[in-house]
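Quick heads-up: it's one chain on its own, the form predicted alone, in structure tokens.
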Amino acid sequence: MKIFFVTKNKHKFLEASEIMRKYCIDLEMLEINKPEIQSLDLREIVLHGLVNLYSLVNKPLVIEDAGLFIRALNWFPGPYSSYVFKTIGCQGILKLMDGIEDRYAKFKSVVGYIDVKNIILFEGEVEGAIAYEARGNRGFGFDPIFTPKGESKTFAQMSMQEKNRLSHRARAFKKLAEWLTRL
């Protein structure tokens, strides 16, 4: 089975592909601009993107949106994580967290799938904490400052296999893969 994954993020593509391969599902990266609305709801953002992209592509496709939600910052940056990363990066978040004891954060992912008969969303979440300093050089985005609950390493210190055992994205893609194999 082959499905198009609309993303320009090669790291996301590689992580998702590894999960899907375990279910004999091949993802093909499709680099087209994804229409994105401004919303505080990842599900709404993904649903809007799915409907608009399917009308252009007319093939089974997947999109994913994710965010880092930090409790002490009123769940900021949330769905604006990509923009916040591009503008202030990990160091900017660490500066915002300076002097804050409550380091609780979670990553959320919403994966959406659409074909001629179906439109469905799958969610994944991982709880953890914001580190006091950036650690590691793997992964991407806020991986160097996020430590999953029960772990001592940040996502950026983990191999892709270790990260995929725990991550929000892996959990959402695993739910999609399991649903697709039941079809």
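Just count from 1 along the sequence shown to find any residue number. What you see is a predicted model, and the numbers here were worked out from it, not measured in a lab.
Another form, the form predicted in complex with a small molecule, is not on view; read the next lines as being about it.
Enquirer: Out of E133, E36, E125, E28, which one falls within 4.5 Å of the small molecule in the model of the complex, going by heavy atoms?
Expert: By the 4.5 Å heavy-atom cutoff, the listed residue in contact is E36.
Enquirer: Can you pick the one in L53, A66, I70, I114 that has a heavy atom within 4.5 Å of the small molecule in the model of the complex?
Expert: By the 4.5 Å criterion, the partner-contacting residue is A66.
Enquirer: Does at least one non-hydrogen atom of K12 fall within 4.5 angstroms of the small molecule in the model of the complex?
Expert: Residue-level check for K12: yes, a contact with the small molecule.
Enquirer: Answer with yes or no whether F85 is in contact with the small molecule in the model of the complex, where contact means some heavy atom within 4.5 Å.
Expert: Yes, F85 sits close enough to the small molecule in the model of the complex that at least one of its heavy atoms falls within 4.5 Å.
Enquirer: With heavy atoms only and a cut-off of 4.5 Å, decide whether G141 touches the small molecule in the model of the complex.
Expert: Yes, G141 sits close enough to the small molecule in the model of the complex that at least one of its heavy atoms falls within 4.5 Å.
Enquirer: With the partner left out here, if you bring back the small molecule in the model of the complex, are T7, K163 and R169 all within 4.5 Å of it by some heavy atom?
Expert: Contact check passed for all of T7, K163 and R169.
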